[in-house]
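In the form predicted alone, a lone chain appears below as structure tokens.
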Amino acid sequence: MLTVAPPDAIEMRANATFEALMWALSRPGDIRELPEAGLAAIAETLVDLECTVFSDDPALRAQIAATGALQADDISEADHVFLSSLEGAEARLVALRCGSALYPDDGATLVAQVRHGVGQRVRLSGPGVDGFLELSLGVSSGFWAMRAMLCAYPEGFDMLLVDGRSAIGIPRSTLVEVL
């Protein structure tokens, strides 16, 4: 008879992180609690040998290197982009991979540290949102304009906005209206 060892603490954290991220993207705008603050556990959960990753944080780059994922020197080459802030990042982010009509899954996932509950007020609507949802995020209106230009569903990029242990998902299918 085959016996399976119970999951260890690392696997349990990865499973809890994955579940929180899945629900965050399934229910755009809802705040999901992560088992650990910051971007490291998210990178550990999402990144594998088949990924190309960009990060602006040297410590996170070192952790990502340990996964065996390819390190991108440019945002345009990355499947996953991890940023310590979106402040002033619009010019760089125009190069994010957005997939194509035939291969929308080639769009990148942007994971960034962003304050929740402060800053620009936005209204979300679309799949996974019951009617609409309003929230404030520490993201400039210029960023949302850049996103609107790049996200012509099914093309675009998915976002995970992290504030400590809280994550908000905004998939490419979500319409974001700046209020």
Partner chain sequence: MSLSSLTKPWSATSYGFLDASAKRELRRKMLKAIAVPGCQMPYASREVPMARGWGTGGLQVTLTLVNPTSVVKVIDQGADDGVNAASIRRFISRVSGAGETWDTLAASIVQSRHRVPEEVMREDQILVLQVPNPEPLRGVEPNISIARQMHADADYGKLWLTLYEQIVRKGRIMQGAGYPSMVNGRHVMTPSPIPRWDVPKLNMAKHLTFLSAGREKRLFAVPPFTRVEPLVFSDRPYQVEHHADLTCRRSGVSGYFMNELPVDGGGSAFEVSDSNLGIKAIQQAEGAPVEIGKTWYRNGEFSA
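Everything numeric in this text was worked out from a predicted model, so none of it was measured. Positions refer to the first chain, counted from 1.
Form predicted in complex with its partner chain: not shown, discussed below.
Only one of 57-65, 40-48, 132-140, 113-121 places residue heavy atoms within 4.5 angstroms of its partner chain in the model of the complex, namely 40-48. Contact annotation: residue 163 falls outside 4.5 Å of its partner chain in the model of the complex, judged by heavy atom distances. Interface membership of residue 14, defined by any non-hydrogen atom within 4.5 Å of its partner chain in the model of the complex, is confirmed. Shown alone here, residue 73 lies farther than 4.5 Å from its partner chain in the model of the complex, counting heavy atoms only. The closest heavy atom approach of residue 35 to its partner chain in the model of the complex falls outside 4.5 Å. Residues of 18-51 lying near its partner chain in the model of the complex, listed in sequence order, are 18, 19, 21, 22, 23, 25, 26, 27, 44, 45, 46, 47, 48, 50, 51, the criterion being any heavy atom within 4.5 Å.
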